[in-house]
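Here we start with a single chain on its own, the form predicted alone, put down as structure tokens.
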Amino acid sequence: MKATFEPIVGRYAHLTLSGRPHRLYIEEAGSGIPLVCLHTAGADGRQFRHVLNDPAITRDYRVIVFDMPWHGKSLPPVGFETEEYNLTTANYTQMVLDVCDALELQRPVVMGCSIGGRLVLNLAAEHPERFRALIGLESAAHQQPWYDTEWLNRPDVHGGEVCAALVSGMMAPQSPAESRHETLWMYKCGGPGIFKGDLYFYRVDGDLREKIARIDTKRCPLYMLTGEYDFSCTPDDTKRTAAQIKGAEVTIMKELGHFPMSENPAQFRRYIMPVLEKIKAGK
């Protein structure tokens, strides 16, 4: 049987993030408007493989997906064994800016999910001039914590299993079993304490409620799309945030949960394609 290859190209980039050298794994496909995709907490860039493989998207967009340090194929920085991993708002924001600079991207679009969806709000508040548009999936300025993160990094508990169990209920019941289990597998593969460290940004350091009033969608359009079955970032959380941002476009996605691009790619495509068309048209 002859092998067939996907159009995705994966490479390692050596670059500096927040002043530290890193070897970052990056996948990309297509050409045109740069579209940088940010994966969820505790997972990696495989969540966007269907976006990378969609010819209708890659015809107009250069889709770029990187595994954050400590995630997926991106190793932690040298000396990681002496420190505890905690993602902060400042480091996360600078990471995205540094990656865009290192790749020499001119006003890219950034689409982030979950913690990435939170991060795009910070980019909109602090760096709108850097981006053509911002897309927040499962995006809100704040959520009230509903889980105990100590369970996510304990010697007497299988970390990957408990991480996957925590997020398993966030997907819509209509999502195909194959895609749901693939999404959970990415959580089972995470490094010790990494999901917990990402949630430091989500639960502790990344409360943006006092910042979102600064967002000016005339400087940078903002699109917010949330799955109707997401009980972590609920539709009400997204609507409450968007109500304070004049011009933000909100869509509640039917039959989708917290991981739209990986749990049900076909359904997600119905919602993201019109947004990408608007951005391409400059509307």
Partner chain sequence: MTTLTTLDATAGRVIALFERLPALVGGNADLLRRGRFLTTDFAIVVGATPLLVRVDGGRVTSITRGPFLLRPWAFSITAEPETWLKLLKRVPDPGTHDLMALSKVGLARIEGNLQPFMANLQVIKDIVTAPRALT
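Numbering follows the first chain given and starts at 1. Bear in mind that the values here come from a model prediction, so they are computed numbers and not experimental data.
There is another form of this protein, the form predicted together with the partner chain, and it is not shown here; the text below is about that form.
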Practice problem: Using heavy atoms only and a 4.5 Å cut-off, determine which of Ala165, Val78, Ala213, Val204 is in contact with the partner chain in the predicted bound form. | Solution: Ala165
Quiz item: Can Thr238 be called a contact residue for the partner chain in the predicted bound form at 4.5 Å between heavy atoms?
Solution: no
Self-check item: Close approach of Thr82 to the partner chain in the predicted bound form, 4.5 Å, heavy atom
Solution: no
Quiz item: Contact between Gln106 and the partner chain in the predicted bound form at 4.5 Å, heavy atoms?
Solution: no
Quiz item: Does at least one non-hydrogen atom of Ser232 fall within 4.5 angstroms of the partner chain in the predicted bound form?
Solution: yes
Practice problem: Look at the candidate spot formed by Trp185, Ala266 and Glu277 and say whether the partner chain comes within 4.5 Å of a heavy atom in all three of them in the predicted bound form. | Solution: no
Self-check item: Interface segment, criterion being heavy atoms within 4.5 Å of the partner chain in the predicted bound form, picked from 85 to 93, 106 to 114, 120 to 128, 147 to 155
Solution: 147 to 155
